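First, one chain by itself in structure tokens, the form predicted alone.
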Amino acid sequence: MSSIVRLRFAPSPTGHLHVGGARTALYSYLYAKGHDGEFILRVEDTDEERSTEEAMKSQLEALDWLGLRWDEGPDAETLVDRGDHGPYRQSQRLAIYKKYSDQLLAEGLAYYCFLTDEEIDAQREKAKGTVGAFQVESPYREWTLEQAQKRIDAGENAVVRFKADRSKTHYQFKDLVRGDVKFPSDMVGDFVLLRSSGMPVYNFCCVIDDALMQMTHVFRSEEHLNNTLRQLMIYEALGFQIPEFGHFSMILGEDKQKLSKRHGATSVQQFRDRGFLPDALINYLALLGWTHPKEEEILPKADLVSSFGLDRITSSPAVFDEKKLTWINANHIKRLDKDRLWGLLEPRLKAAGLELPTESTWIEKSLQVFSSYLETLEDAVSLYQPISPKHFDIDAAADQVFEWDTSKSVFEAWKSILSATDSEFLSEEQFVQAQDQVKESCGVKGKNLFMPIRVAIIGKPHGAELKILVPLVSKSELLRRVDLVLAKA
């Protein structure tokens, strides 16, 4: 086994990258980088019916977006392998699995099994009501390889089954998260290594790949804990060195059930599209089962690498709290420099069709106003929308304002004061003064003052705070809007 710490993340490309998978990848990445080690990406695409090229690309893009760059594995853009232990896609490693299957067959540690699905179902039906988990009893267990080969050569299909050691009472290992774990060996019977199609099952190719790719540690969800027994058997049979295992607790929804689509967003892509930052998402995922030594919560990736350790991992399930994630995201947004923040916001604002000034001074002023209100990048669309001329519209909610006797005089006074202003953009102080002048000129106050002015500026009687919004809307645009309102008054 390698003297360098090596960990891998091995997703199955059957859909978008789930946040649970992303957390496993993150913990593997942090542990590897914190020990000057290597992080490897392997694609477990032996599920021919569900695995797709599209899903693989999606998952690689998500990992790359998170900043979890791998040292070996398929490139996120070209999909070309990088590293000395490839191929890194299991579907391209079938000859390797066949080689080790043949070795186990030749050594009498595996056998060809010709049982049909119907025969296995009959055994399962007969075993109903008996104690313990159902195990296949194969009449081909003691057949010689020569006997089985004759039937294979005659065109019959067979799976390759591992021959479990019935003389061994238990298997034991020390889990880096859960401590000592002990399995009675009779928990499993003779299990399949290769399907009749020649495609390997998960546990077989996982062991071979981890061994040949020189993994020193294997981190994964606790759902895989029971797979460890079969894998230990295969490691022992092939004489491979066993890596250190760590099984992390599951991530639950607020109802304490396994996090799934019914809880809302669960994939990295969904959170990315909704305007969460990659550093904020990995910050939050790191805290789902781990605590910082100083119990800090806003953590850049570099801090995560330097402070992450398994000694502060809990074996209890973690509950996904989107409100906490949003709070962390808002804090990360506040830490962005203005150029970086605008670079992230501008594509979203353009995609929403907003027409906004492009001068650097206006952009900087707008960010000073709005950045503290951003919880996600997507929030910028609703914040900036009232500024866009294209999106100004007189809302039906303003109808009641037009019915008030004093509203038209307020509109006219606002226009007159605005027209007399020399500045292209009003300052916050100028707007407050203008509002006071309207109040004195028209003899109105309260909602009869504020709501008509709001309608003249944003087209509706309720909404953004005007004193922060008005300085971002040009005088010419404000005049255009009040003219539209007066035309309706």
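Keep in mind that this is a model prediction, so the values were computed, not measured. Sequential numbering from 1, following the sequence displayed.
Keep in mind that the form predicted in complex with a small molecule is missing from the display, and what follows is about it.
When you look in the model of the complex, the only residue of Ile333, Leu325, Val160, Cys206 with a non-hydrogen atom within 4.5 Å of the small molecule is Cys206. Residue in contact with the small molecule in the model of the complex (any heavy atom within 4.5 Å), chosen from Lys415, His292, His391, Arg220: Arg220. Only one segment in the set 166 to 174, 220 to 228, 339 to 347, 280 to 288 has residues whose heavy atoms sit within 4.5 Å of the small molecule in the model of the complex; it is 220 to 228. Taking non-hydrogen atoms only, Ser474 never approaches the small molecule to within 4.5 angstroms in the model of the complex. Under a 4.5 angstroms non-hydrogen atom cutoff, the small molecule in the model of the complex lacks Val19 among its neighbouring residues. Taking non-hydrogen atoms only, Glu44 approaches the small molecule to within 4.5 angstroms in the model of the complex. The small molecule in the model of the complex is approached by Tyr202, whose closest heavy atom lies within 4.5 angstroms of it.
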